[in-house]
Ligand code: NAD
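Only one chain is given next, in structure tokens, and it is the form predicted on its own.
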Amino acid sequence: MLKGKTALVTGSTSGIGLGIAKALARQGANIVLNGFGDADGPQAQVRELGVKAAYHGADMSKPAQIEDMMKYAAAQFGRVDILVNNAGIQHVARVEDFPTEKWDAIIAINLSSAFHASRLALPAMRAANWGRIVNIASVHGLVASAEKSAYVTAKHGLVGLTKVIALENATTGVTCNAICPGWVLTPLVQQQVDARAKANACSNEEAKKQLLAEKEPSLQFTTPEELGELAVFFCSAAANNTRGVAWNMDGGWVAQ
């Protein structure tokens, strides 16, 4: 379905981003990966799916490095047809205790990076009259939780940015939508599970159940593969007129 297209997925060396990159690759898209840590392993996983893969290690808090990444992607594959803004970090603390440097970093990586990547991708998308921007927001782009002020602010902002980009391109072949996951068992969430198991002197499985029971009625984690398939739908012809939505995949979290 996406043969000949190029997808750039930020924060894609593991977790949700890698799951989405692989789902797009299965549809034939060449992939530009981005993120910290091991890059060779993820590139190999993508190439095993029969497409080309490249990697750029841009720090998504640095606009100049984002610009370099976008130029690199264009040099490798012509242009970015599909942009998935997934990069994100987290910190938990009450507002009065929240370190200002953590606030700045979360806003930069979780929100501003999506603006910078999108503004750089849009001209080529508009020129081709086809493009897809998929923003990985969060259920916290729709509702709040205590002690996550920067993350909730950034994700709400990302949903707003999604709507603006969708409206500005509403009469073109360029769409912009957001995916809002609930709990996904990424390495970041596994750390929270491990901490809970230690604090409550319980097993890892019990800690997972406790975590899910607080927010997610389905009592099951959303998987990167499921999120990847939703991203594929947004890139399909069936979603040509799906514009500016914030689609929660959250096991009923927001339905409560």
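Residue indices: 1-based, along the sequence shown. Computed from a prediction, not measured in an experiment: that's the story for all the values here.
There is another form of this protein, the form predicted together with the ligand, and it is not shown here; the text below is about that form.
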Assess the spot marked by I89, K155 and P181: is the ligand within 4.5 Å of a heavy atom from every one of these residues in the predicted bound form? yes
4.5 angstroms heavy atom contact with the ligand in the predicted bound form for Q43: no
Spell out, yes or no, whether the shortest heavy atom distance between A23 and the ligand in the predicted bound form is within 4.5 Å. no
Can T223 be called a contact residue for the ligand in the predicted bound form at 4.5 Å between heavy atoms? no
Classify E229 as contacting or not contacting the ligand in the predicted bound form by the rule of any non-hydrogen atom within 4.5 angstroms, answering yes or no. no
Can you work out which of Q76, N169, T186, S112 has a heavy atom no more than 4.5 Å from the ligand in the predicted bound form? T186
Since exactly one of A117, I82, I136, C176 fits, which has a heavy atom within 4.5 Å of the ligand in the predicted bound form? I136
Considering the ligand in the predicted bound form, find the one stretch among 120-128, 92-100, 160-168, 147-155 with heavy atoms no farther than 4.5 Å from it. 147-155
Which of the residues spanning 17-37 lie within 4.5 Å of the ligand in the predicted bound form, based on heavy atoms? G17, N34, G35, F36
